[in-house]
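In the form predicted on its own, a lone chain appears below as C-alpha cells.
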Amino acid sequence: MSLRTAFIGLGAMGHSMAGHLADRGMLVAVGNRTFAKALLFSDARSVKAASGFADYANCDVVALCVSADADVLENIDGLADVLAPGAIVIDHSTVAVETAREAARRLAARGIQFLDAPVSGGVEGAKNGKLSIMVGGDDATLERARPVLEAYGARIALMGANGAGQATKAVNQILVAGINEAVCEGLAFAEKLGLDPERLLPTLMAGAASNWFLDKRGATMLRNEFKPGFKCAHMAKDLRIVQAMADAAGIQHPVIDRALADYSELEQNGNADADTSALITLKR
C-alpha cells in the first residue's frame, strides 16, 4: 500500500517536493506556517490543508522542509503528540547536528522514527525531482521511507546515524559557499577584462573550472538577474550553523568566515531574498 504522506513547508523547494508526492498519489495533507499557501496547494492538488497537527494523525510519514532549528523542533513536538508509534518523520531542513539528534530523541520517546535528510540541488533539483538527499538514521527506517524520498531524489545516501545527514550538509555548504565565492570573483574579473560572456561561459564549462553554480547561475548573474533559487538569507543562516560546528571541531575556516561575512552584508543591504549569485555585486 502507498504510504500516507504529509508535507510541511511549502517554500521554493518544499512546494515542488510536495508536488512530486501528489503526482505519485502519496500525499494526503500539506501544512505551512502561512495557512493560505497550504490552501492554495490544497485547491490545486485536492489534498487536505492541515490547520493543526491533528490533521497528520493518520499519516505513515510526515516530511518537513522549514526554515530554522526552532521551527523543526516546534513541528517535532506537535507531531510527537499525534502520530502513531511506528510512523516516520523526515526532516529536509538544514539545521544543526544536535538539533537533528534532539528531534530523534523526542520522537523515539513516543516510538516514532526519524530521519534527518537535508537536500542539495536547488530549486531546479526540486522541480525536476533530482535532489541529492543526505540521510542520517537507521537503514530499516530509510528503506520504509524510501518510496517517499524517491519521489524527488536522484541520489539517496545513508551517511550514518541521526545527525550524519546534517553533518554531510554542513560539508556541502562549505563547498558550495567556496565555489560561489570563486565563481563570482572570477566573473567580476572577467567583466573588468571586457570578455564576451557568450564565449567565456561555455569555454570555462568545458574545462576544469566547470561546476553547477557556474552552469546554472553564470549567465543570469552577468545579466544582473537574481531571481532566487537559494536565497542569500538562507545561505547566511546555513553558514552560521556551519561556522559554529567548525569552531566546535577546532578547525580553521577562512572560507566559511569570508562567505558568511559576504552573505551577511548582502542581507544588510537589502538582498536577503535575492539569489546567492547576487554575491557578484560585492565582488564587482
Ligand code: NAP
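Note that residue numbering follows the sequence shown and begins at 1. Only a predicted model underlies this, so the values are computations on that prediction, with no experimental measurement involved.
Only in words, not in the display: the form predicted in complex with the ligand, which the text now covers.
Q: Okay, which stretch from 185-193, 85-93, 154-162, 108-116 lines the ligand in the predicted complex, with non-hydrogen atoms inside 4.5 Å?
A: The contacting stretch is 85-93.
Q: Tell me, out of 240, 45, 253, 33, which residue has a non-hydrogen atom within 4.5 angstroms of the ligand in the predicted complex.
A: The residue in contact is 33.
Q: Please pick, from 50, 66, 28, 221, the one residue with any non-hydrogen atom lying within 4.5 angstroms of the ligand in the predicted complex.
A: Filtering the options by heavy-atom distance leaves 66.
Q: Residue-level question: is residue 77 within 4.5 Å of the ligand in the predicted complex, judged on heavy atoms?
A: The answer is no: residue 77 has no heavy atom within 4.5 Å of the ligand.
Q: Would residue 137 count as touching the ligand in the predicted complex under a 4.5 Å heavy atom rule?
A: No, residue 137 stays farther than 4.5 Å from the ligand in the predicted complex.
Q: Is there a heavy atom of residue 71 no more than 4.5 Å from a heavy atom of the ligand in the predicted complex?
A: Output for residue 71 is yes: heavy atoms within 4.5 Å of the ligand.
Q: Determine whether any heavy atom of residue 274 comes within 4.5 Å of a heavy atom of the ligand in the predicted complex, and answer yes or no.
A: Residue 274: no contact with the ligand in the predicted complex.
Q: Go through 201-235 residue by residue and record those having a heavy atom within 4.5 Å of the ligand in the predicted complex; state none if no residue qualifies.
A: Counting only heavy atoms within 4.5 Å of the ligand in the predicted complex, the contacting residues of 201-235 are 229, 230, 231, 234.
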